[in-house]
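Presented as structure tokens, the chain that follows is alone, the form predicted on its own.
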């Protein structure tokens, strides 16, 4: 484990050196996601002006849910963005083969090969929303709540990464896995709002099948003191289970990978 942490640090330093050669591009990449999130938050504000309460959830409470999903999604965006492009960037061009001839885990190498600075903007927006809304709502920060923020951020990020990994494995057969990944990933848009506003089928889907709810709704509910929020403590176990499944899928795909032939 220590070896891989040291290796990742070296990969990250080299990536940051590359990015900082074009500092304006780095800053614009991070700032662009902040602008996009600002537009989305404005849309939520407009809706909540017309409907002040969504099934018992106020504007600030909805914004906290939105903040959590933005925060957790940023972990995936920063550290696992390569899963989106594994097919067309690595497999189709033959570049994936180099991961197979080096003395480190191919999945680790794929993830460490790129740090996406765009996710930094999402992280800033997410943490700012969670903190601001907690202040506006008068939430008293205790040790369990601070711990939940850390646990939910890491676990939610792993949930995003694991679900993307499970779907990205399809690139070993169909080359471009983006449509398959997006089919699952886009469900996180429902998790930007409280799950209680949806029909029960969607709530169950986003809790036990595609559990993005554990990256947003349940942690926010815990901070807000809602009883259902206690489910948020399951998030590390769900994240670990999904990552286990994702890695097993990955190993299965590797066994059938035959290269480009070039």
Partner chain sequence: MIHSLNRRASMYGALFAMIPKMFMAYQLWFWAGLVMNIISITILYFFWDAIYANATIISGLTREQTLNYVLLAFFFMPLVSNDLLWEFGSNLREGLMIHHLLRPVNFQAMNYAQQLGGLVTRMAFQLPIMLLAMFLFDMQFPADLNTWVAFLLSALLGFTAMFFFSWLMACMAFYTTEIWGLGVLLEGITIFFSGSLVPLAMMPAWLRGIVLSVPFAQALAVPVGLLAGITPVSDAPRIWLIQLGWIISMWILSNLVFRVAVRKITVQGG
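This one's a predicted model, so the numbers in the text were calculated from it and none came from an experiment. Residue numbers count along the first chain shown, from 1.
Same protein, other form: the form predicted in complex with its partner chain, not shown, and the subject of what follows.
Chemist: Please tell me which of 154, 139, 89, 175 lies within 4.5 Å of its partner chain in the predicted complex, judged by heavy atoms.
Modeler: So the residue touching its partner chain in the predicted complex, by this definition, is 175.
Chemist: Identify, from the list 228, 234, 197, 204, the residue with a heavy atom within 4.5 Å of its partner chain in the predicted complex.
Modeler: Looking at 228, 234, 197, 204 one by one, just 197 meets the 4.5 Å heavy-atom criterion.
Chemist: Select, from the options 124-132, 68-76, 182-190, 160-168, the stretch whose residues sit within 4.5 angstroms of its partner chain in the predicted complex by heavy atom distance.
Modeler: Selected range: 182-190.
Chemist: Tell me, yes or no, whether residue 33 is in contact with its partner chain in the predicted complex, where a contact means a heavy atom of each within 4.5 Å.
Modeler: Looking in the predicted complex, residue contacts with its partner chain include residue 33, since a heavy atom lies within 4.5 Å.
Chemist: Within a 4.5 Å heavy atom cut-off, is residue 209 in contact with its partner chain in the predicted complex?
Modeler: Taking the distances in the predicted complex, the answer for residue 209 is no, it never comes within 4.5 Å of its partner chain.
Chemist: Using heavy atoms and a 4.5 Å limit, would one call residue 63 a contact residue for its partner chain in the predicted complex?
Modeler: Output for residue 63 is no: heavy atoms all beyond 4.5 Å of its partner chain.
Chemist: With heavy atoms only and a cut-off of 4.5 Å, decide whether residue 224 touches its partner chain in the predicted complex.
Modeler: Residue 224: no contact with its partner chain in the predicted complex.
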